[in-house]
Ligand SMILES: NC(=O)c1ccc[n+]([C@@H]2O[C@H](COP(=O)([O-])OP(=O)(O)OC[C@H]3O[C@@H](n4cnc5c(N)ncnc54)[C@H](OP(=O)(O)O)[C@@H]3O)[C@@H](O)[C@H]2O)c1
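Only one chain is included here, represented as structure tokens and corresponding to the form predicted on its own.
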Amino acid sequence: MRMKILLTGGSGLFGQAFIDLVEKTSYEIYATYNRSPLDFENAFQIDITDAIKVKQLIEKIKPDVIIHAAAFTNVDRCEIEKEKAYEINAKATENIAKVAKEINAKLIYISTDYVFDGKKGMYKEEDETNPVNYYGVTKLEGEKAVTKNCSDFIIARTSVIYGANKKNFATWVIEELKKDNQIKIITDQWVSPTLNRDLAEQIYKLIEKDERGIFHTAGGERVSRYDFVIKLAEVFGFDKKLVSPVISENMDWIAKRPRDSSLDVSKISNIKAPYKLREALYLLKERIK
């Protein structure tokens, strides 16, 4: 019997990379999407906040593994639309966790570095969580729902996912620098930027090894947003003088951001070593048309 995997959020950055990876294996992959259609045979359009339809779909497919990647990730909008953020990131996760337990499926929950307050950086899996914005609060509630309702689970925390063929921070930078536009990038926020292919490979290895627990599945380097953009400009051959350093106080944000939410990837490195930043950026360059 082929192992069945059901992925929510299949049209997202991680979702697309994971489908591309797993389609070439012996696993049987199914995916859900909401607004962005998926050009994929086993794709189902569904609103993950509809608990009844989600339960029906899961019971119909009977997956061995559920990867729950669908989320409301716009940090500022989460601060404004709190009810929606909670329904998608916390309540829907709780519903999926309960069904996963009922059918005895492993649940992999894609979480975030924003469950931390950013006061120290290089967070390990066992470090205390303390989100500073509502997005982080709802994702942490999702984590709690998973641990409360499932015994066979993985919580995979990641950071600043980027990749080709879908709008994200890296593609925005590339488009602006390609047009020789000046861009302002903050120097005082540190993260662990994660290529979507890297995250997909890490999750795949966790499934292969039937791991359990919390893992920091992120890129292999701690870097400031500014230094990330400078390295990207170097790899793509753009003019670095177009990148203007600013501090976060000058940004017109609604939600507070953690200062240093970088993740320690020592644990996942024993299973699948994350790509170093320059290596990941060259892989990105190969995919950018």
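Here the structure is a predicted model, which means the values were calculated and not measured. Start at 1 and count along the sequence shown; that's the residue number.
Just so it is clear, the following notes concern the form predicted together with the ligand, a form of the same protein that is not shown.
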### Task
Just one of 206 to 214, 183 to 191, 157 to 165, 99 to 107 has residues with a heavy atom within 4.5 Å of the ligand in the predicted bound form, so point it out.
157 to 165
### Query
Using a 4.5 Å cut on heavy atoms, which of Ala70, Ile66, Val229, Ile29 is close to the ligand in the predicted bound form?
Ala70
## Note on the structure
in the predicted bound form, the residue from Asp47, Glu234, Glu59, Asp264 with a non-hydrogen atom within 4.5 Å of the ligand is Asp47
### Query
At the 4.5 Å heavy atom threshold, is Asp113 in contact with the ligand in the predicted bound form?
yes
### 4.5 Å heavy atom contact, Tyr135 and the ligand in the predicted bound form
yes
### Task
Using a 4.5 Å heavy atom cut-off, state whether Pro274 contacts the ligand in the predicted bound form.
no
### in the predicted bound form, Ser36 touching the ligand (heavy atom, 4.5 Å)
yes
